[in-house]
Structures are given as C-alpha cells and as structure tokens.
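Just the one chain here, laid out as structure tokens, in the form predicted alone.
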C-alpha cells in the first residue's frame, strides 16, 4: 500500500483544469495518459507536469494503447473517468481495465446508449421529452442527436419527416427527441458513500456556437456544438426539485461519484431532463479553483468537482474503504 491515494485518468475533457488540480490540492498522486494531440497544451504548464506522472499515447483513438498504459500503472489505483472514456473506449475495453473505475462501468455504458440514457431518467421518476423511434412519427419539433459524446456537434432540429430527411444528409442519427424550448440548465451532483448523501454541487449552462450568438441569419442553420460553459444560479424555488432529481437518480441506479442531469427549464417553470452524464463533465470546470455558491455552502470551503472527487478518494483511502467508491451501479442490469 502506497503512502497516499493514487488516481489515473486521460488527457482531454475535464482533466487538465479540473481533475488534476483537485487531486493535487488534496495531496493525491496522479497518473495521466496524455494523447499527442493534447501535448502541446499540457506542455505549456511545466510546473504542473513536475507534480504528476505522464504516460504518452500517440492517438486518442488507439484504445488498445490507452488500456495498456492504464493497466501498466502499479499499485492501488482509482481510475477517474470523464467524457473521453465514453467517446473513445467501448464497454469491452473499459472492462479490460484492471484498476477499478470510480462509479464503475455500467453507468458509462448506459450514458453512451441514448435509449438506455433516457429510459433510466424516466425510471427514476424524472420528466423527460418524448422519444420518437421513427422519423415518420415526428409530429412536433424534435432534436436529432448523433452518436458519441462530442458536445452537440452535428445535432439538428427537424419539424417533420421531410425536414428530417432534408437535414440528415448522411449523418449517423441514433436518437430523435422532442425539442423543448427553454433555458438549458446542467445540474451537477456527487453521490457519496463516505458521507452517505447525494450532494447537489452546482449548475452551469453551455454556450453552443451560433445558437447562442447575438444574431442568427435567416438562412443559417442553428449549430449546437458546445464552445464553452458559464456558471449560473437558478431560481431558489427550483433547487429542491433539482435536489430530488439527483437523489431519485441515485436511488434508482446506485451510482457512486459525480454525475450530471442535463435539463431544460420552460416558462411554467417546468423541468425536463433530456440526458445524463454518469461522470464528471466539463461544465464543472467553471468553479475551479474558488468553488461556487452551492458546493461552498455545503462544504464551508471552496469546493469544485475535481477537488470533491479527490476528497472522496482520499477519505476512502484513509479509512481503508476504497471498495465503496468502485461499486458498479448495483441497481443497473449487467451490460
């Protein structure tokens, strides 16, 4: 057993500015499998690199090398997943990792399957938009989603079957969901077996390319590619409902660790959850390093998601109970 807790992850998404700083602030050892495409950015921070262990991989699509590098790390390691794990590693490859994954594999598999994703929200008693299994059934505006966790890239809105076929243009469509008009609100949670609670840690909103521009030309198609995130404080009367959503989701899944429920809040106001992410998401990086209204009030100190993850791992390590953090969502079916 090493003298302190150790985490491992990969570059991209939430690592450089969130997971790694949080782990270092909490005194954890860190291993990062860094893709060549990210090295130019990571190399701009030599002081940070002196404090962590870097394992280079040529390409983010080389899943075999990623698995081999992570499995080559010796010791009692906890792997901290983020969006790139969902995007670039299959369930089979995730299962080949010899070190335990924070939160397990099943929730990542459910996240990556649009139907299972929506179904799990519905099973948790959370209101969701209507799903269409065929373009011929479209009878209202819909959001058409493509495969993978790529921040909304390629998504489009269609109003009927003809509009759908016109805009599809050979894209690999795998999900058609009712388009709900309102404000996008991404609620961030941490399910803690150490503290015995589901923590609502804050909210953000995504900035989506030209959809959030000041002016969209009449002949310009809206684009939902995410280009950034901003923190928001939601109406206080909505906070209890968001907290219930998180608690109900944890009760339904048995999930451990960070997760996000992605919602639209309408004029009523009414909250619709259109998707979940079963791990840390990039939107929580807006809190680093000073925390935010909700997390700071709960913890009585500056708290952000990368630090919250590291705090849980450190406490579990010190109490010899790391196995509590790597329980694989026991309420979910095997994938």
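Numbering follows the first chain given and starts at 1. Quick caveat: nothing in here was measured; it's all calculated off a predicted structure.
Keep in mind the form predicted in complex with a small molecule is missing from the figure; the text below concerns it.
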Handout entry: Contacting member of 178, 241, 113, 163, with respect to the small molecule in the model of the complex [4.5 Å, heavy atom]
Key = 178
Practice task
Scan 155, 249, 85, 189 and let me know which has any heavy atom within 4.5 Å of the small molecule in the model of the complex.
Solution key: 155
Problem - Any non-hydrogen atom of residue 135 within 4.5 angstroms of the small molecule in the model of the complex - result: no
Problem - 4.5 Å heavy atom contact, residue 145 to the small molecule in the model of the complex - result: yes
Exercise for the section: Please check if residue 209 has a heavy atom lying within 4.5 Å of any heavy atom of the small molecule in the model of the complex. Expected result: no
Practice task
Find out whether any non-hydrogen atom of residue 38 is located within 4.5 angstroms of the small molecule in the model of the complex, and reply yes or no.
Solution key: no
Problem - One stretch from 252-260, 73-81, 93-101, 180-188 that, in the model of the complex, holds residues within 4.5 Å of the small molecule by heavy atom - result: 180-188
